[in-house]
Ligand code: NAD
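This document starts with one chain, in the form predicted on its own, laid out as structure tokens.
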């Protein structure tokens, strides 16, 4: 056994119903005196409730999926105009992503309060979209210094969005098993993350207002993000970043749709990862377990249902081919990528990969 594992420096505060208290304690401990709170319009009330006691210099509510560069520019200008010394993000992946865009150029510390299962809060990955092209990278400046997890803040997240967001988290786990820096530590985190999500998401679907399922899902989402941050971006995430940037597709739903197709492509070439996924899903095989979970959750099935045009299949496959990560378990070429993207677009179960 020989590997290198990087652990990111970050404090986690996990407790239901205590976001406001934990947020106040963190800003006080860090000596923050002029805070910029970033929250989408839909999260405005939640943000006021959990951050209302902070020394807020500016409330910023312009948030957009995939962080368009012009939106990032305006947020950076607002931070500079109000001379802020810390960023507090309250919301999902787009909100955290905007805070990261500000931190990337300013070095301001982020305290993140997630309200979905996106996982962006636990990674040092940033992303910006310009002219329908999404660029991503890693930088220590964008890693939130503290994450305040409060499952009660996810209780109002609709089941449909909870399912898509939770499957996005599960995709982090799966990708972490064969990403460029995959190692036994990441695999252990990913396996436990899959187990927790498999236990929590059905409970969320059955009882959206109950905390036990929400807590398990949030815990699993955190583990998934930690594994992903260390392992790096695998084929699944490269595909989804291309699709999201090119067609402005909803982030979580795109991940939920693409995941089974990437798993079907890679599982026979990654037997150890396949066994770990299957065990975490309590299924005879990884593909069977994921299919059963997706059916149980009525998960999204087709990219065409979310606005992707059929004419975009070829250009998307070409764009993905140029960013395929090294070491993907199965061979990848334009034919297999075109088949995968077409199957994800149509929502078909069987994928006729040329090499299979």
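Positions refer to the first chain, counted from 1. Since we're looking at a predicted model, the values are computed, not measured.
Although not depicted, the form predicted together with nicotinamide-adenine-dinucleotide is the subject of the following passage.
Put simply, residue 92 is close to nicotinamide-adenine-dinucleotide in the model of the complex: some heavy atom of it is within 4.5 Å. At least one heavy atom of residue 161 is located within 4.5 Å of nicotinamide-adenine-dinucleotide in the model of the complex. Although the partner is absent from this view, residue 306 stays clear of nicotinamide-adenine-dinucleotide in the model of the complex, with no non-hydrogen atom inside 4.5 angstroms. When nicotinamide-adenine-dinucleotide is considered in the model of the complex, residue 76 lies well away from it, no heavy atom lying within 4.5 Å. Residues of just one listed stretch (179 to 187, 277 to 285, 78 to 86, 150 to 158) have heavy atoms within 4.5 Å of nicotinamide-adenine-dinucleotide in the model of the complex: 150 to 158. This chain appears without its partner; in the model of the complex, the one residue of 118, 258, 235, 242 with a heavy atom within 4.5 Å of nicotinamide-adenine-dinucleotide is 118. A heavy atom within 4.5 Å of nicotinamide-adenine-dinucleotide in the model of the complex is found for one listed residue only; from 270, 246, 125, 110, this is 125. At a distance of at most 4.5 angstroms from nicotinamide-adenine-dinucleotide in the model of the complex, all three residues 42, 134 and 251 contribute at least one non-hydrogen atom.
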